[in-house]
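Next up: a single chain in structure tokens, the form predicted on its own.
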């Protein structure tokens, strides 16, 4: 990885260098300009990477991968709890009850399961209360999508105070699970593994490097794609076994399930002064509007990095358009379950513990885009960068290995690239050198006669000066 500073971050997205062919597809798609191609290989600038998974999605050579936990890691604990993301329920054919998916998780090796959709029902209530309270900050931005939170930290550091300090359903579910197995069942916390079943690399990274909280409630994250074939096998061949388990499970309501798709979170919260945006590049447009103060009449922004919401995560299995429809149907079928969820003993206990739903530390910006810590030096570099940008062709072709001309200019002032990395600037320079060589070739020492030498050269390339015209004209 290229490093701007000696600082380390956890990343779930990794590069398989031997598979990379330097095609530059990823550098054009990265929302934080975190990738460069040098010597025919991509390099990730780790300080800028937000683990959104766009490069994983776009790479034609499968050179970007997501490193996450596996079911093998369950062996490190005596008791394991699964936290299935709501997006998992849309992966299976229509008619599959979410409780059967939860039961299948128990059948493949987990000892307990706490539905993240259940926690989403409770988080939705906490968000309603938070945005109803008086505040000068508007709009608030959801913290549910960790890739969006990191995007704000890296690219929109002035907006970190807009992130609502309410924990995501994933982390709230982990708090509920920890309390259940340690306080109620008397298990030693060291013996308990809590595993999020993740649809995306952003949440894998958030588990290992959370924003807004210092706890390590969650032991790890396992991709939906890893457990999917095992669950499907159980659903197809062990229906009777699963039927005997479902009675003891506590699934979320239809509103909690709806968090899997774009717009579901806002539907769960209720109200009218909210907007939902999905797809990381659309999110950037909305955040730019927030920076300009254009959305101060909006209370809350539900923003998700993946198109369609969590169902579009790169660690899912099914087509996101199909799963979005399935989730919508499940949400409708289970819409009447909310009152039951909110009256549940475990839910009531959780709602009485505000700490289970609040950030315990502020989310800090990651101003990785600033040119220097010294303001005067940064201004000089900015002026230099602007001069370089004006001198570059402005084609944003990516052949230099940077996503656009401005990014190349920034790399130049940071000392990470050279203006001659631009093929057009290189061609200009070559032409200039060729002209200088021709000019030098025309010159001769004064003692040998400068004019005659020039005439000889012109004759050599088929031209005739007035002094060397044929004698026939005399």
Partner chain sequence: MHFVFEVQGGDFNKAGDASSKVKKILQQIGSDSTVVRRVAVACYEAEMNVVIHAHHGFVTLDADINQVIIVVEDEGPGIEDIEMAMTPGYSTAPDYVREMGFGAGMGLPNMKNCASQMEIKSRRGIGTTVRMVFENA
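All figures in this text were calculated on a predicted structure; none of them were measured in a lab. Positions refer to the first chain, counted from 1.
Form predicted together with the partner chain: not shown, discussed below.
Visitor: For the partner chain, considered in the predicted complex: do all three of 122, 269 and 364 come within 4.5 Å of it, counting heavy atoms only?
Guide: Judged in the predicted complex, none of 122, 269 and 364 sits within 4.5 Å of the partner chain.
Visitor: Looking at 275-283, 185-193, 149-157, 335-343, which stretch has residues with any non-hydrogen atom within 4.5 Å of the partner chain in the predicted complex?
Guide: That would be stretch 149-157.
Visitor: So the partner chain isn't shown here. In the predicted complex, which residue out of 354, 383, 243, 360 has a non-hydrogen atom within 4.5 Å of it?
Guide: Looking at the other structure, the residue within range turns out to be 383.
Visitor: Go through 348, 322, 375, 397 and name the one with a heavy atom inside 4.5 Å of the partner chain in the predicted complex.
Guide: Exactly one listed residue reaches within 4.5 Å, namely 375.
Visitor: Within a 4.5 Å heavy atom cut-off, is residue 107 in contact with the partner chain in the predicted complex?
Guide: Flag for residue 107 set to no.
Visitor: Check whether residue 237 has any heavy atom within 4.5 Å of a heavy atom of the partner chain in the predicted complex, and answer yes or no.
Guide: Because no heavy atom of residue 237 falls inside 4.5 Å of the partner chain in the predicted complex, the answer is no.
Visitor: Find out whether any non-hydrogen atom of residue 134 is located within 4.5 angstroms of the partner chain in the predicted complex, and reply yes or no.
Guide: No - in the predicted complex, heavy atoms of residue 134 and the partner chain never come within 4.5 Å of each other.
Visitor: Is the gap between residue 291 and the partner chain in the predicted complex 4.5 Å or less for some heavy atom pair?
Guide: Yes, contact at 4.5 Å.
Visitor: Looking at the partner chain in the predicted complex, which residues in 395-424 have at least one heavy atom within 4.5 Å of it?
Guide: Residue within 4.5 Å: 410, and no other.
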